[in-house]
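Okay, here we've got a single chain as structure tokens, the form predicted on its own, with questions on binding and movement later.
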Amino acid sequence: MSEIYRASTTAPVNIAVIKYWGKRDPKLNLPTNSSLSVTLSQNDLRTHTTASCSPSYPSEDTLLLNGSPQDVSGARTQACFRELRALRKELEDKDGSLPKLSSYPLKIVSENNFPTAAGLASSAAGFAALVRAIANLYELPASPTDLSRIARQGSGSACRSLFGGYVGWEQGTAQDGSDSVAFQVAPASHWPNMRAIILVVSAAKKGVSSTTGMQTTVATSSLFSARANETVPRRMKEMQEAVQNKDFESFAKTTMVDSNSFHATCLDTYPPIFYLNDVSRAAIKVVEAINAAAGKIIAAYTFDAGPNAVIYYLEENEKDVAGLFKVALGEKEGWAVQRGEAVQANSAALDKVQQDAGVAVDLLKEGVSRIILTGVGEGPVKTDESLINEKGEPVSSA
């Protein structure tokens, strides 16, 4: 039997605090503005991917995601495969003793531990894991920055999931996209007490995909140009300074105004794009009430292209943020299985907030299906846990 080559990795979700929206080159996934994100802990949100190749495999490349076969014929996936194979072939051409892995069909098995296509950055973690796993399989000497250029072609924000901590994505100016890569602003260890609570409002697939939404916004929004050319460059500087200085109030305010700006351009699109719903807006109201009760900004909301609220806070304020949500939301999936036992319910804080946002609290309780407690985390991690056995058959890690 022919040898089966395998390599596995896990990769994280990242949630942007300065949003990427709009493409100057849809084919290469080149953005119209730079962006910045927080990489979340893989203990809570991750994609686990095994890449495998063998001369004994059928001739077609295959991908199995959460047990379901996926179409890999699309231009984005093919671009990643093509670039990684080219890098492997360079190694093979230089060293004739290396096995010709670049010529073998790929078999990839991937699992998410969170809902796919529900506004939880599943494509970012997915393509980051795909690229990192194949790079490990091919034993490429490429750096995370080099790989971010490839992952970007699969999913724009995937380039940021090649790094841990606080990560920027440079817009770049080169037509070929060679300078549109991710870079680490600061490692997770620089500001390790950053936390996030994700309120999962809907696990359903979103109505307007990010790709379609971006194209429509670029074509029709009158607000878009000012955001891309003036607002975001200024906020990128502000956010990098906030991270470097561990200034949560600046981090939080910039996070919230940029989320608002992003969704304003979506509303300004024709026809308008509604990623937020009443439950999302209730989350905004509750965060505003939390900050008002604290007398300073201790919580920051942000929303990607979906209704789920991601609320950042510092560990020392967990009782006043997550503790309040624990009382407000009641028994929801997620508290018991994660760090819920460590979160102290804060009824006193809720009493203050309900005076300011009572209806919003009720809406949240009805509309949030589950919560995810997490924090800042590391980039992709190589693992020995394979989703493909020594016979080349898929196996589940569950």
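Numbering starts at 1 and runs along the sequence shown. The shown structure was predicted, so the numbers you read here are calculated from the model rather than taken from an experiment.
What comes next is about the form predicted in complex with another copy of the chain, which does not appear here.
- Put simply, of 318, 83, 288, 238 only one has a heavy atom within 4.5 Å of another copy of the chain in the predicted bound form, and it is 288.
- Just one of 105, 272, 99, 192 comes within 4.5 Å of another copy of the chain in the predicted bound form, counting any heavy atom, and that one is 272.
- Proximity to another copy of the chain in the predicted bound form holds for none of 171, 178 and 217, with the criterion being a heavy atom within 4.5 Å.
- With a 4.5 Å cutoff on heavy atoms, residue 114 does not count as touching another copy of the chain in the predicted bound form; it lies far away.
- Although the partner is absent here, residue 91 sits far enough away that none of its heavy atoms falls within 4.5 Å of another copy of the chain in the predicted bound form.
- Although the partner is absent from this view, residue 143 stays clear of another copy of the chain in the predicted bound form, with no non-hydrogen atom inside 4.5 angstroms.
- Contact annotation: residue 226 falls within 4.5 Å of another copy of the chain in the predicted bound form, judged by heavy atom distances.
- The stretch that touches another copy of the chain in the predicted bound form, counting heavy atoms within 4.5 Å, is 263-271, out of 143-151, 91-99, 263-271, 70-78.
- Residues of 277-302 lying near another copy of the chain in the predicted bound form, listed in sequence order, are 277, 278, 281, 284, 288, 297, 301, the criterion being any heavy atom within 4.5 Å.
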